[in-house]
Structure formats: C-alpha cells, structure tokens
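What follows is one chain in structure tokens, specifically the form predicted alone.
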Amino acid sequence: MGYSDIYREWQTDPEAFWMKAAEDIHWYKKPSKALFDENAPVYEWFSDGLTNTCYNAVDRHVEAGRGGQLAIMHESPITHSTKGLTYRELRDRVASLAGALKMRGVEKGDRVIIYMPMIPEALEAMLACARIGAVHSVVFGGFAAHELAVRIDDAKPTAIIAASCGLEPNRVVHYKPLLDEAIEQAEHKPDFCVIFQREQEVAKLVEGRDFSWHGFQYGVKPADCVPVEGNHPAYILYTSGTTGQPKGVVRTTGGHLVALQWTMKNIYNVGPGERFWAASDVGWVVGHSYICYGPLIAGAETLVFEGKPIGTPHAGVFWKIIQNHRVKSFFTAPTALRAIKREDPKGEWIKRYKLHDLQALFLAGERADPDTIKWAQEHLNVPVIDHWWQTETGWAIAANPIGVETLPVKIGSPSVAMPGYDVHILDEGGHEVPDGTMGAIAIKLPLPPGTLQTLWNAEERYRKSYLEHFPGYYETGDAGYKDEDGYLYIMARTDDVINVAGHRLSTGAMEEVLAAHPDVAECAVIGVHDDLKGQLPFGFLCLNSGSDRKPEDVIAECVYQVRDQIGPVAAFRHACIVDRLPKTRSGKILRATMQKIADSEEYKMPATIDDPAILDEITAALRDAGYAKVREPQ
C-alpha cells in the first residue's frame, strides 16, 4: 500500500485504522474501541484498555529474546565518554529505580519532576515513572529556578529526580543550587529529591530530603510494571504560553504508545535492532517522543548525545557519530544544520566520514529554509525530509512517510498530512481558502492518538487556547497554504504574518529569499511598526564564517533579492548584520521578543532563551537603525 491508500484507509474508517495500529502494542486488557467521544470536543483514545509504557519500551523486548541488544548508546564529546546499555541492563536499572520510588511512597498518578542533562539516567528516570504509573514532567536541565518553581507549583510533584550538574562546552551548569532555590520559592514542597552525582560536580545534599541516586536504590526490591488505563496520563510537558504562564500538555498512555509505534515504522522506517538518533534534548517534545519512547517502543537503539552541533569539538561531530554508530535515521533541527553549514559551507567535514548506513535526514522544530535543505542534499546525498509537528501533537502532522513510500520532495514543504490529521487552511472567519492562498492552519477534530488530551489542571484554558477560535477544529497557531497536490507549506506562526499597507505577508517567505544569498548563513525577519504602512519588514542577517564582504553590499543585494522575488509590495528596505540570533534552547528564533524590542514595547525575558546577552546585541543593532528606543524587560 502507498501513502494515498493508507491515508484513504484512515479516512474511510478511522476506528478500524487505529484499532489495527493498536495491535502492535502489548495490552494487559485490549481496548473495546479506539475513540471515546463522550466528552467532545475533548476526546480520548483507547480509554478502557490496560497497558504499560515501560513494558512496551523495555520488558517485551527482553522477553522476546533481544535482551542483549543495545537499547541506549550515550555519546558525550564533552566528557569524551561513550557508554552503551542493553535492553536487559536497562530493564534491571529501571526496575531498581522504580522499586525505590515505590518504596518511598510514589504511587500511580503521583507526579515526579525530572531535571537532568543528556545522560542515560534521564531516560531511566522517565521509564521508572512509567513503570509504576507515576506521571513524569521533564523540565529542561539548567532551567532558571523561578521557571522550575512555577512548574513545581503546577504539577505538585511527590518527588524530584535531578542531576548534580549539566555540562556545556566551556562550563559546568550547577543544577543543584537551581533546584534548591526553586524548592525554596515554590509553595508546594516535594516529599524528597533523588540526586544523580556526576564526577564533574558533587552536590551538597539536604539532610532528610535528598538522597543520592545509588544510595536511594540500595537493597530495594525491583518493581514490576503496573498496568494503567489507556487514558492514564503518561507525562506532562510544559510549553511556554503567550501569557508567560506555562501550559502543561498532557499526553495519555494508550494513544502515545500506538502513535509512536506507528510513526517509527511508517515515517522513519526504523525497526528492531536498527539505530535511530534524534539530536535533541529530553526536556523537549522531540526528546520525549524520539530519544526516549519511540525508538525503544520499536525495539531500536537510541542515541543520547551530550554536546553541540559545532564546538564539541568541531563541525563534523554529527557525521562522526552517524558513521561510528551506523545510524539509519537521523533527526535534528534546521537551526543545528544552519550552524554546521555556517562553519562548514563547503561540506568539508562531511567528506571525512563514511555515512553508508544513513538512509534519511529528518528536520523539524523551525522552518527548514530551502537553501539549508539544498546544502544538506548536496553534501549528504540522502533524502532530506522536512516534517512538521508541535509539542502539543507529539508526532508529525505532516511528513514524508518513507516507511510506506518516499514521496517526491518539494523543497519548502514538510510534505503531506499523516493519517489522523485532516488539515484545513482557513480565513479569519473559519472558511476554507483556495489552494495556494495563505491562511490559518487548523486540524479538524478529533486529533489522532498521541496528541494532547488536555492541559494539566486547565481544561478550560485548553478549550480557549486551541478549540475556541475555529469551532470543530484544533487551531495550530501556524499560517501557511496547500498546493494542488495537497503538500503543506508552513510559512510562519500566525503572529509572524505581518500587515504591510493592508497586504498580509509571510516573514517566512522573505527569510527564504534572504537565506538563498550566498553570504547569508542564517536570518530572521520581523515586522516593525510604521506610522504610514502599519508594519514594515526588518531583516537580521548572520553571515557565513569567513565571509569578507562589506555588510552594506550584502544588505543591498538582499534588499534587491526580496524586491525581485516577492515584489515591491513587501516594502523590504531595512536589514542589519548580527553575529547571532536570539533563540530558545530548542533552536526557535525569538521573533516575537525581537519585535517587541524594535517597537519599544515592554517584554518578558523568555524563560527558554539560550543566551540572554544576545538580546543586548539585537537591541544595539535596532537602535542603530532608529528603532528600540527603550528596553524594559520584565
């Protein structure tokens, strides 16, 4: 069956489609049906089935005779260490930690916050929670104390599992003082904390509250897997809300298992014993779905990487790891690829390594600009698959399902909607727009299994944030269009569509043109206030490493390119050269914050910002251009 057949099969009988997909999962008690719609528009999947995520991700592979196969491979170019864990070793370690949590009173439904770097123990902590039916909430390691405190008060964890520190290329990030400060600030206090002590920094433990990782588990009886209902929360993952108050996305167990198993086979074409690497972090949704759960549910080997795409130690570290571990499918963010391209525009580092086993490169997290895709296609000589999804959905809304068939790649498009997603392009009034016309991207309800069921303790906020604007649809918050073949084009967040003299223009389309300039490594476009036209586009350009061009020449050429390819209607006249762009730790460019700075509005320092100092550079560049008259971060 090809993609069209499978998508049609889902459309014709979604219930049968998902019940068939559920057969690839182990159930203690099989669900009576797939979709439970009694509380529509809040839907549930496989609610009356009984299953366990940890059993599906670990134990069943051991029982199938593959206990000696590698489950996790840890690569840390920062500590110069490589370490592998087999499925049997992983099961025993997870059962031990789960037993210790249980002995200390953690029960099914209790929350546990995990605050750890990219080490195997982070995955062990996630799986140990799943083993006993506890609901984990992973908070990105090194997150500010205040932001961690907000999440403690929202999730009200029984326990917190943390590491003593995290490691950056040139510094140690002190996790434990941040954790102590967060607990001090939070109204809710956990019963206890478990601290994994790393060699690089041994943290001071608070007597009576803190336990060392190994001491905590000493002499404890390992825990068995606890069957949980299909609608039992697997985890809470916080995503920053527009109000600054984080939104706790709730993923439930049955749908999560079914969806991830389906995607590993059909989208990534990875099965038992094969090697999959998602170069992300367990603090983000990619880390949940495709570092921890997806590969292990599929019985594959997953890579856990503690490092950066450049500087640990060089711009070839990704290709070295893909060669050494014979990675079949590799998944990273466009921002990581752009960083490598900027350091290595001619692909010299790629030529040093043999990537014989690599079948495809997958990109998600930010718009993948055509120039970066072309660079990767040319130098890697494998399909470069852009796909589009969100923290809320947990897996791809649109993708090229190479496990089914490799569809023609259209550069600039994440391809086509996956089964379960009925994607529509709507105008402000909720009416479908013609092919090729930009509008708001919305998905007809119900969303498929594995997507968010609600927000933690905030169902009304869930309805208001996602379901209210377009009744009967989930509002993605993204803008774009479909072509005549059904390929989607994601052009911007709806907030990033700017209005120039009544014309709605996509900043993403302008960024595509700018990124195609041979001297431009990375760029961003924002809308700045203009008394006459409402808004005008303003560009930020980062130049390739080694470029010796005059900034004013590059800017002039970029202005000409936008005028030539988009037209005078874009009114693109202003840009500046900067060394770097402000981003979140997951690589998203903070365009909304940059726009507030340009328009001299107050703004809240984003909790997820990678390096706050970059905003000073952006502010200085905008002031030189006549914008950003005041700067008042909250």
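Rigid core (definition): largest C-alpha set, two forms, superposition within 1.5 Å. Given the structure is predicted, the values throughout are model-derived calculations rather than measurements. Start at 1 with the first residue shown and count on from there.
From this point on, the text means the form predicted in complex with ligand COA, which you will not see here.
The shortest heavy atom separation between N381 and ligand COA in the predicted bound form exceeds 4.5 Å.
Contact check for A458: every heavy atom lies farther than 4.5 Å from ligand COA in the predicted bound form. Contact annotation for Y175: at least one heavy atom lies within 4.5 Å of ligand COA in the predicted bound form.
Of the heavy atoms in D281, some are within 4.5 Å of ligand COA in the predicted bound form. In terms of contact with ligand COA in the predicted bound form, the residue from K444, K351, K189, K533 that brings a heavy atom within 4.5 Å is K533. Shown without its partner, this chain lists A501, I411, M103, L467 as candidates; in the predicted bound form, only A501 has a non-hydrogen atom within 4.5 angstroms of ligand COA. Residues with any non-hydrogen atom within 4.5 angstroms of ligand COA in the predicted bound form fall in just one of 227-235, 332-340, 554-562, 146-154: 332-340.
Relative to ligand COA in the predicted bound form, residues R91, G133 and K221 are all farther than 4.5 Å at every heavy atom. For the stretch 166-187, the set of residues having any non-hydrogen atom within 4.5 angstroms of ligand COA in the predicted bound form comprises E168, N170, R171, V173, Y175, in sequence order. For S413, the Cα coordinates differ by under 2 angstroms between this form and the one not shown after the core has been superposed. Positional change of D191 between this form and the one not shown stays under 2 Å at the C-alpha, relative to the superposed core.
In the core-superposed comparison between this form and the one not shown, P537 has its Cα shifted by at least 2 Å. In summary, the C-alpha positions of P568 and K374 diverge in the predicted bound form, ending up at least 3 angstroms farther from each other than in this conformation. Relative to this conformation, a decrease of 3 Å or more in the Cα-Cα distance between G480 and G534 is found in the predicted bound form.
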